[in-house]
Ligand SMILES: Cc1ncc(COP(=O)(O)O)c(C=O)c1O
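As structure tokens, one chain now follows by itself in the form predicted on its own.
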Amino acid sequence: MRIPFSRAPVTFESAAPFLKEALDNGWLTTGPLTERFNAGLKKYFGTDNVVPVSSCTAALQIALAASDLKRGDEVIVPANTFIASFETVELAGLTPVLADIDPATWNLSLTALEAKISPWTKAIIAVPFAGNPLPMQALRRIAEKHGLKLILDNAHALESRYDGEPLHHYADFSCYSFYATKNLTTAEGGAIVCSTADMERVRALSLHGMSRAAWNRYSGGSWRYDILETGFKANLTDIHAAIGLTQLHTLDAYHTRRLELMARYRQGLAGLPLRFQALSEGATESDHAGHLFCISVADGAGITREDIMASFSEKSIGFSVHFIPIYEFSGVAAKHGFNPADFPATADYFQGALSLPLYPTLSEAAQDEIIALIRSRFEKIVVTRAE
């Protein structure tokens, strides 16, 4: 791909010293590099209550297990999210309930959320879509009013803030992703931020429910351990942590660069029949993590997102769509029978949804080419109509 959709800001030269250490020290799995990576996460997040895990999906599974929900309890999930937010609820024996998104912010609609709360609702999984923070104080009030656990799927929201605070400040459990396309990558990986009261349980759940991990047992401690409860195999390894360690020092600078590129997209595409994501009420531009830059081609624009996709493919430019609505998947429809008419804002966004390349090493020349290509598609429509 000439201009890829995403490119991790990691080079062999930057990663080699950490990977060499991970191989030479003999641990390979969870060990001293994982500890160092976690120390960096704690500093960045401003809390000691961080547990590194193997993926954001694993983090969601652990958060649900630590919430002590009962089989059949309902968990509200936005209709516009990655399938992991939904399927982890099912895998836990719980009942997922979909809620529509806000037509402007493309985040979970708080109005739709409250309309879906029933006597069986016990938790919310909210998603700061593309890195756009939700109105966290209002969301927290809803959770407290109804006695619900608030879980954040923060896969897009590493740098997101609201009222000066990281989003985990407002939640019971916050689940982060370090997948290959994320703002901080370990290839595969994630983390959970939780309360002090939940910390040891979350740590144990991340590794089979063990009272003590191998790193603690074999680095000078006792060999003995207990199984406190049924847990998961979800630990982060030193190999993956080595990749993450190459980027911790660049997070702030790369976040600034992402926001600059987002501003250039908005300016370059202004005036076209496209919709952009609006900030949530109370949020500022710098509160956005800048993980994705999504547009939605307006209905009646004269072209479709597929027309733009075709132009991108011709020029070897990457793109994606975030996300196919949960209710559109055949497996979900067969099991749950959600009515698409119940999610008009999600459907309206999705019909024109397109995610453009966005990463710190994207050059302005490449971005200008992307902008010009999109503009040219609309200009062709104008010319055709004039003829």
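All residue numbers are counted from 1 along the displayed sequence. Note that the coordinates shown come from a computational prediction; the quantities given were computed from them, not determined experimentally.
What comes next is about the form predicted together with the ligand, which is not displayed.
Distance check, Phe82 to the ligand in the predicted complex, heavy atom within 4.5 Å: Yes, Phe82 sits close enough to the ligand in the predicted complex that at least one of its heavy atoms falls within 4.5 Å.
Any non-hydrogen atom of Phe323 within 4.5 angstroms of the ligand in the predicted complex: Within the cut-off, so yes.
Any non-hydrogen atom of Cys56 within 4.5 angstroms of the ligand in the predicted complex: Yes, Cys56 sits close enough to the ligand in the predicted complex that at least one of its heavy atoms falls within 4.5 Å.
The ligand contact at Gly189 in the predicted complex, heavy atom, 4.5 Å: Because a heavy atom of Gly189 falls inside 4.5 Å of the ligand in the predicted complex, the answer is yes.
Candidate from Arg203, His156, Lys122, His288 lying within 4.5 Å of the ligand in the predicted complex - any heavy atom: After the contact test, the surviving option is His156.
Val127, Leu184, Ile76, Ala241 - the one with a heavy atom within 4.5 Å of the ligand in the predicted complex: Result of the distance check: Val127.
Stretch in contact, per heavy atom within 4.5 angstroms of the ligand in the predicted complex, of 204 to 212, 309 to 317, 254 to 262, 147 to 155: Of the stretches listed, the one contacting the partner is 147 to 155.
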